[in-house]
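Next come structure tokens for two forms of one protein chain, structure 1 first, structure 2 second.
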Structure 1
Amino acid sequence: MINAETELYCIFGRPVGHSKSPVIHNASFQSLGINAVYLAFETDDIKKGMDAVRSLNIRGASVTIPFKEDVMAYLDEIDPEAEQIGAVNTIHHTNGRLTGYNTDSKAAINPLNPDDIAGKQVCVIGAGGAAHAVAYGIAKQGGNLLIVNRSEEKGRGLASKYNAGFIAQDRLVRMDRLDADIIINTTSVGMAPDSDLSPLAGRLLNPEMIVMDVVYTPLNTRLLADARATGCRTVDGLSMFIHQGAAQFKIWTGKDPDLEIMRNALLNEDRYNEDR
């Protein structure tokens, strides 16, 4: 029940109309009996957003495109992981102070057994914000990174930060073998309506690979369908999204949410089915 003690959490972004974060966080507050509500706020000005967090005593916030970097200027403290990644997606408001975190790297690490990443060859497709967080997480666990990206300059930039190899996407198209244990797509390639596209040719997959995709509309992307047909273990975009959200929830409440409740809340949402 919403009453005078209900605590407020929210997401800031532009646009945020299609964000799935309210669904997973509200389902988790409800299932754990926490008197809190999570709303989506679209804004043009992230500084004003942070002023609102302070003045309205909003307990925690998610931050999404295009504010993950800009918001850092308006916080009191930044967690070293977020500092290293160069972006914040989570804010915790405690004792009048705002601390920024980045849980996007957990999206790639937590669905795997983190101990299995050390010494593995991990191919990250993309070199944007999501790729950066994923690369950070993989490097921290001792994985060997290979960055694949369309633009060479951006791809080499990310690769050099993590001592990683780099292959331009147009060269990968002509290759007939990819030396990787884990493949993680962080680009939007394959997202509806272009769901027949894959960032990687199916012939480069082999059954020992684990294949992950950040895209979750559709849930069964062309990349994951090719991977399953090859016999690979797969991790879909909802799992990756839920893991970054679960890490946010833990920062805010100290509690581990039930991942199945989060997933079912998303799958049961009419909107999700409309978006696919």
Structure 2
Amino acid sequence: MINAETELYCIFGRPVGHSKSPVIHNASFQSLGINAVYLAFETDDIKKGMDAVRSLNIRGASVTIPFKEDVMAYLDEIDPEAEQIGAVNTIHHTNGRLTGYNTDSKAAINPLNPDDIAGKQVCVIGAGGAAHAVAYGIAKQGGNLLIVNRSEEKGRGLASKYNAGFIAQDRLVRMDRLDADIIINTTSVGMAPDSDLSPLAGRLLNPEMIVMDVVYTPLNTRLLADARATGCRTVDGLSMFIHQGAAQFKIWTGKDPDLEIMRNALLNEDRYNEDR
């Protein structure tokens, strides 16, 4: 029951209506008997969002597209790994101070075996906060990175951090072959309601590839559908989403949530099933 003692947690993003973070975190609070509630806030100004965290004593916040990089300017402290990645997706508010963390990197590579990554050519589509986290994790595991992005400036900027190759998105459209062992989409292309879109033409896929999409609404994105039709091994966004959320929960509460409770909460949620 919500009362004066209920602690508030939230997610900031634009758009944020699709987010299932409230589903997994509220289910975890309930299962562990924690008097807390998690809400979704859409904003155009992440600075005002951080001001709200301070003034309303919000205990913790998730940060999603497009604020994972911009939010760093409004924090008091940044975890060294998040600093190195250059993006924050988790904020912990303690004693009036906001500390930023990144739980995306480990969650992104969690579904992939080290043997899948080391020495392999990994194509990361995107150059935003999620792409920075994924690129960091892949480089740490010894993968060779290729960055694909619409903005050449941002794409080359990310590529330069890891001595990676770069291909502009418009050039990719004209290509007939893509030399990659793993493809990871970190953009919002294919997210509901635009679930008929894909960041990559199906003709560029081959059966030897592993194709991963961080989008989880819908679970079966156009990219993954094309990959399965081609015979690729696929990894959907649900695993990454749950693992990054579990790491956030641990930072905020000091407790490990039950991953199965998180997963079941998602699968039993009516709107989620409709998006699939």
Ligand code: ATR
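Quick caveat: nothing in here was measured; it's all calculated off a predicted structure. Throughout, residue numbering runs from 1 along the sequence of structure 1.
Taken from the form predicted in complex with this ligand, structure 1 is distinct in origin from structure 2. Within the set Asp76, Ser239, Leu56, Glu152, Ser239 is the hinge position, where C-alpha fit passes from one rigid part to the other between the two structures. The two rigid parts differ in orientation between the two structures, with the smaller turned by 27° against the larger.
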